[in-house]
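Single chain ahead, by itself, as structure tokens, in the form predicted alone.
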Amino acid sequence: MIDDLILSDFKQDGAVHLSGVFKDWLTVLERGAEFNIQHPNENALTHKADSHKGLFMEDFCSWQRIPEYEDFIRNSPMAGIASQLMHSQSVQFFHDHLLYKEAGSGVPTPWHQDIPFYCVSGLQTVSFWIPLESREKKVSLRCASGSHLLDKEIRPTSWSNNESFYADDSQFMDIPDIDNGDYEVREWEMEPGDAIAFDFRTIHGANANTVASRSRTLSFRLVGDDVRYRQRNGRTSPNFPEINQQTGEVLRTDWFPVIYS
């Protein structure tokens, strides 16, 4: 399913467009997403722009309570594709993420890098960003090509107030000026069933939903052989306060199941 050109592009750019790979799973994903929208977790996040009526909601870690998500995670081609992209013998599931933007929500997803928010370290990582509606480029995911090769992590900040996420952020670097040409930006028109696969270290973002229809996106995060637990200096996002692990350990498989080996 994944040819050598896609594998090469993923290694070089840190993000690739996969056309139609999950088209047979759309009904399952839509059913799961609709349940998730109507029944979010109690710690789901909402963002709102003062000048717009629509909400932007994020929810995490729902796969154990939404059978459609678990079905997709365990039985779709996703894990096999991840193994190829990461060059990993095994694939472990990390977490799911719903991004729901109401019509005209007006809240962008700012440029950021995922890995600093997470309790993991390693090079074999991949996220699958799966829109459930057609997307023009202007409302699709945007990725800074090659940004996953930076030798230092980007300072994580809260989207609501731009404050540093951790008390001690000296280990991080400021985000490059993506919009003014520090990196080539890759973005794609997308159809239901398509996905963008990107490295946890790839800088990415998305423009606000200013169109007159809602947008539903599911993202599934997977890790490979070299990924280990990393204790951060504060809460992570998503947060796993009772994980009971030490830095350097393989992620516990009862919380993060092995879905390919």
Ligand SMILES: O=C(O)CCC(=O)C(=O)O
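The structure presented is a predicted model; accordingly, all values stated were derived computationally and were not measured. A residue's number is simply how far along the shown sequence it sits, counting from 1.
Another form exists, predicted together with the named molecule; not displayed. Remarks below refer to it.
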Checklist entry - Where, among 107 to 115, 148 to 156, 69 to 77, 83 to 91, do residues come within 4.5 Å of the named molecule in the predicted bound form by heavy atom distance? => result 107 to 115
Checklist entry - Does residue 99 make contact with the named molecule in the predicted bound form, using a 4.5 Å heavy atom cut-off? => result yes
Checklist entry - With the cut-off set at 4.5 Å between non-hydrogen atoms, does residue 33 touch the named molecule in the predicted bound form? => result no
Item to check | residue 221 within 4.5 Å of the named molecule in the predicted bound form, heavy atoms | outcome: yes
Next on the checklist: Does any part of residue 141 reach within 4.5 Å of the named molecule in the predicted bound form? Heavy atoms only, please.
Outcome noted: yes
Next on the checklist: Using a 4.5 Å heavy atom cutoff, which residues in 185 to 199 contact the named molecule in the predicted bound form? It's fine if the answer is none.
Outcome noted: 198
